[in-house]
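Encoded as structure tokens, the following chain is the form predicted alone, with no partner shown.
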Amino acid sequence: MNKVTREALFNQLRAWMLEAGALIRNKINNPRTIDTKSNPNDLVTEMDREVEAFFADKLNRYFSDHLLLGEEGYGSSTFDKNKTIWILDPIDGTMNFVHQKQNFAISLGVYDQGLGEIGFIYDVMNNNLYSAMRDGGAFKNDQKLARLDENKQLKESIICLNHRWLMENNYIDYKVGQRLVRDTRGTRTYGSAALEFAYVAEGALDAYISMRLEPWDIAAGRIIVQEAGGITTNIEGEEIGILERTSILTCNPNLHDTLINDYFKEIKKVT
């Protein structure tokens, strides 16, 4: 994707992100229809579906040669990594959306021939739009984000991870997680992977760790973090594909090797 095409697509998607956010805000207090998917805590609402349908319609009308991978199934049935793919989570943090009416985001990443070109994370209720274009830096609204501090040490850092990884689980020895918590300045969890990526990009968090995320959870965030000077791999330090379920470690550069070598050397593969 050349620079002119990338910028034109960025500007159009930016307008649609803001439009979709306004749609959510206008309906935030409406009665909800809440369903479950893979388990009783995996929620989906009519708003998730409406936002995804909004973007699917825009793609089909204006960018019919592009593909859409969406969490709610409104997208394409097959995928070619050599094409342009929009990877969308219409509401990342649906449980927060249902219970708190805040702390959720629209997340959209655009990949062309496997390369991350454009990322948007829209904190709808706070009206904060995080964005990035390849080689153009990362932004919060119209303010360019500073490059991440490459000298930040673990003992000075705020780490984000779900508290479930501090209990017995199928992916990592919980004692490793507990040791990590003791070695950091503090820990947080927000319930929205997209927002957690955004907070790493702006330096409000120094690392975000998760054992099991889907492509739409990370597609936008990894582009924005990269443009802010950060690194995203799985927790074994390996590069991740754009269409795979994976563990995630996204952080400022100095922490990456420390976390991989001192905490995550031996873990179970995510399946």
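All residue numbers are counted from 1 along the displayed sequence. In this text the structure is predicted, and so the values were computed from the model without any measurement.
Below: the form predicted in complex with D-MYO-inositol-1-phosphate (IPD), not depicted.
With the partner removed from view, the residue among 200, 118, 91, 124 that has a non-hydrogen atom within 4.5 Å of D-MYO-inositol-1-phosphate (IPD) in the predicted bound form turns out to be 91. From the list 212 to 220, 242 to 250, 57 to 65, 225 to 233, the contact stretch for D-MYO-inositol-1-phosphate (IPD) in the predicted bound form under a 4.5 Å heavy atom rule is 212 to 220. Remark: none of the three candidate residues (173, 206 and 258) comes within 4.5 Å of D-MYO-inositol-1-phosphate (IPD) in the predicted bound form, counting heavy atoms only. Using a 4.5 angstroms limit between non-hydrogen atoms, residue 131 is distant from D-MYO-inositol-1-phosphate (IPD) in the predicted bound form. Though the partner is left out of this view, residue 191 does reach within 4.5 Å of D-MYO-inositol-1-phosphate (IPD) in the predicted bound form, counting heavy atoms only. Using a 4.5 angstroms limit between non-hydrogen atoms, residue 112 is distant from D-MYO-inositol-1-phosphate (IPD) in the predicted bound form. Shown alone here, residue 162 lies within 4.5 Å of D-MYO-inositol-1-phosphate (IPD) in the predicted bound form, counting heavy atoms only.
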